[in-house]
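Next up is one chain by itself, shown in structure tokens, the form predicted alone.
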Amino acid sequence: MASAPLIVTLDGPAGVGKSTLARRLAGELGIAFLDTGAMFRAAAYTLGEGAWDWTQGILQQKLGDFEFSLRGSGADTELLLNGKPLPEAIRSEEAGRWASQLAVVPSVRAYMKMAQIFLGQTTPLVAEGRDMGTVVFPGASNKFFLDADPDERARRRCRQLEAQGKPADFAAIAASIRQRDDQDRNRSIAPLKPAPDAVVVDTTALSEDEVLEKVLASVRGS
């Protein structure tokens, strides 16, 4: 019987550096990177503002037209929606807030869970998100939960935006992160929390390289 594909889960709050770490970790391991936050952002951006207030029936119908797939590995992994790369606009703060609103809708979470499980059944991957180790891939042998002080996460986001030549308002970004934290940690469906067997890594005082080294050593030693 063939062994199941390798699955590494990285969970944690907004702005903690999951996507950056997941890309680098996937590159070191030579496998695909699954940005599950991008899946919710893509759905929110495509459906539009207020989609979370639609009836479950309409949402299920719309989501039925979505098909996610992966191409490539490591930092070169592309998440495709209906065969097309995702637009840069899904990375906006607005799209992030919409995604957080949409993520509490039962039919949306059910669809995303099904889509993510399918990808993990067919492709070795590093999956990052909010509930990868607790809900989507509870059987994964390598689970990590990244955390960091909210202000440090806001500073990192500001540096990221400034490097892209975009405006960065620390106060607004910090407020947005705290709002996302409240929504994600206190929602009734799949609240943000570490899996019981996850390795918790506080990244507040660690560099990207130090976090990567810690996680990579744990994966290779398992």
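Here the structure is a predicted model, which means the values were calculated and not measured. Sequential numbering from 1, following the sequence displayed.
Not on display, but discussed next: the form predicted in complex with a small molecule.
Proximity to the small molecule in the predicted complex holds for none of R24, E28 and K143, with the criterion being a heavy atom within 4.5 Å. The small molecule in the predicted complex is not approached by R156, whose heavy atoms all lie more than 4.5 angstroms from it. Contact check for K62: no non-hydrogen atom falls within 4.5 Å of the small molecule in the predicted complex. By the criterion of a heavy atom within 4.5 Å, M132 is counted among the residues contacting the small molecule in the predicted complex. By the criterion of a heavy atom within 4.5 Å, F40 is counted among the residues contacting the small molecule in the predicted complex. Between the options G74, P150, G120, G96, the residue in contact with the small molecule in the predicted complex by a heavy atom within 4.5 angstroms is G96. Note that among 180-188, 45-53, 164-172, 62-70, the stretch whose heavy atoms approach the small molecule to within 4.5 Å in the predicted complex is 180-188.
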